[in-house]
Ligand SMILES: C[S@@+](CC[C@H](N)C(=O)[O-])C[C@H]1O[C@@H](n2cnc3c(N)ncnc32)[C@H](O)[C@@H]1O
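The chain below stands alone and is given in structure tokens; this is the form predicted on its own.
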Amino acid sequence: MTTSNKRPDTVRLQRISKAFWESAALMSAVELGVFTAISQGHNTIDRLAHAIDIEPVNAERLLTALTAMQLLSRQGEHFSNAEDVQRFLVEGEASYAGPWMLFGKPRWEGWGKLTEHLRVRAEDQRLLGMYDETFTVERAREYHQATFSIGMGAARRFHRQVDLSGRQKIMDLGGGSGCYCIVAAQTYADIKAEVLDLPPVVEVTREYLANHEVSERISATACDFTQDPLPNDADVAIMASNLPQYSRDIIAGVVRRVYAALLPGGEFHLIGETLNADGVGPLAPALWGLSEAVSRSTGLAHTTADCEGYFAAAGFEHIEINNFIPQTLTRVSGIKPI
């Protein structure tokens, strides 16, 4: 029931049904280098059209849409980037996240067939979703080229929040390009780390470790952490940004396995796209959970209450739920008793 006397209309529903139009506009702007060109002073329709080699009428169409989306602001004939656009979508900046904005584009066709994916029966789902036999080293390299910048930002935030002084070794479950461990090595002089991931990913991990000159203290090991043996010499465990890829049973099992492998007094940080305890939003974790249907995986969005339960059942103490990235990521942590 609604307390408003206003008669419902279709405006909100129409906006949602056409949300992919906005995604297309943003992605095209990134691919064409619109925001970079504007930052360089090509900030009128004609100047931009010339700079990125498109017709003025198409530059006008795109700039009009981007302005309506509040990605740009307009003063007369001149356009300027919004603050977040300037920080994250201008090429050459250390914080450039253009590849991450394009991350979902290859999956558009799959999302267009969401209804068919939702009809897939349990026996045809895969435990590792997108990580099937077609996940090659080259695909892993493309994946982490898209995620590395945003991953480094998250890793820096983690190490600002969590003091690992005195810790000896990190095991990073599904650590990919090794961002959390790279920043750890840059922050602490003596800490060591081991990134655990699938064989195609590990080859790429080693490239990132070598590029950041941390290979002497960080290793990368091929490991399916849902079933393979885990290192038993770590006093820190991290699992970041892969939570919705797995079912409740699998995550509960992983938390138990981490507990068993950690040294007494060790700490586990599970950083994931997590729903509120009541399961009502936020939207981003809910959509990440839904995306697993497109991958035909058994994964789904977990609530903070789910995660707290996994930790408690495994035996962790001093369990904390910390907001990590508002509306997107939560950090759940616990300590293994001495």
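Keep in mind it's a predicted model, so treat the numbers as computed, not measured. Don't overthink the numbering: it's just position in the shown sequence, from 1.
From this point on, the text means the form predicted in complex with the ligand, which you will not see here.
Peer 1: Quick one: is residue 81 in contact with the ligand in the predicted complex, heavy atoms, 4.5 Å cut-off?
Peer 2: Although the ligand is absent here, residue 81 would stay clear of it in the predicted complex, with no heavy atoms inside 4.5 Å.
Peer 1: Report whether the minimum heavy atom distance between residue 261 and the ligand in the predicted complex is within 4.5 Å.
Peer 2: Answer no; every heavy atom of residue 261 is more than 4.5 Å from the ligand in the predicted complex.
Peer 1: So in the predicted complex, does any heavy atom of residue 190 sit within 4.5 Å of the ligand?
Peer 2: Contact check for residue 190: no, nothing within 4.5 Å of the ligand in the predicted complex.
Peer 1: So in the predicted complex, is the ligand close enough to residue 268 to count as touching (4.5 Å, heavy atoms)?
Peer 2: So residue 268 does not count as contacting the ligand.
Peer 1: In the predicted complex, which of 173-181, 114-122, 208-216, 157-165 comes within 4.5 Å of the ligand (heavy atoms)?
Peer 2: Contact criterion met by 173-181 only.
Peer 1: Please tell me which of 138, 233, 224, 77 lies within 4.5 Å of the ligand in the predicted complex, judged by heavy atoms.
Peer 2: Here the answer is residue option 224.
Peer 1: Which residues from 237-254 come close to the ligand in the predicted complex, meaning a heavy atom within 4.5 Å?
Peer 2: The stretch 237-254, when checked against the ligand in the predicted complex, contributes 240, 241, 242, 245, 246 at the 4.5 Å heavy-atom cut-off.
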